[in-house]
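For reference, the chain that follows is the form predicted alone, supplied as structure tokens.
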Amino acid sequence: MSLAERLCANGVRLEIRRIAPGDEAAFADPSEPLVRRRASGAARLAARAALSALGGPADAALPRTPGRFPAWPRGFVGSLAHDDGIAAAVVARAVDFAALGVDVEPALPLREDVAGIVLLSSEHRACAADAVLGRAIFAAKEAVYKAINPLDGTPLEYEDIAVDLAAGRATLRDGRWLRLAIERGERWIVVALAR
């Protein structure tokens, strides 16, 4: 079962979109360079498709909040992500989830200097046999941040989040935890779900 199918079974809609010329029209922020507007526009187009599939507004503006996260329509939570080629959006009803986060990363090992900053010692051990898992842990921490910071403003650093990929769980230093849904292909797609 695909990640999108697994999430859908739990009331979460995941939409993936290839970034294409013209997508920038969906995010008209003149302060951003074209390549960034195009990627952000593609993510918003994916989000609108997800919202529509859940009975929400298919034309939601999704402007940025002061924290630079998208402002979701009343009654919905979600998150956006993109890399150079694809954009992703996850959306759910706010009665089902407190927050969602998503991240997209290439299925490649983290640079060693980055791994030294991002990974806890237990996480280093967990990816000793497969260095590409370090990138999944990085993506998980990014997804957790995208869920928690807009929810309650908690400032999180990488060391504040412990990821257990095998258990599909991320635990915050304050004891809260989020479920993780993960798919590995040419990219890692990681969704953090907070109830």
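Given the structure is predicted, the values throughout are model-derived calculations rather than measurements. Start at 1 and count along the sequence shown; that's the residue number.
Although not depicted, the form predicted in complex with a small molecule is the subject of the following passage.
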Tell me, please, which stretch of 49-57, 166-174, 127-135, 152-160 lies within 4.5 angstroms of the small molecule in the predicted bound form when heavy atoms are compared?
152-160
Please state whether all three residues 15, 73 and 91 have a non-hydrogen atom within 4.5 angstroms of the small molecule in the predicted bound form.
no
Any non-hydrogen atom of residue 123 within 4.5 angstroms of the small molecule in the predicted bound form:
no
With the partner left out here, check for me: in the predicted bound form, does some heavy atom of residue 81 sit within 4.5 Å of the small molecule?
yes
Might residue 33 be said to contact the small molecule in the predicted bound form, defining contact as any heavy atom within 4.5 Å?
no
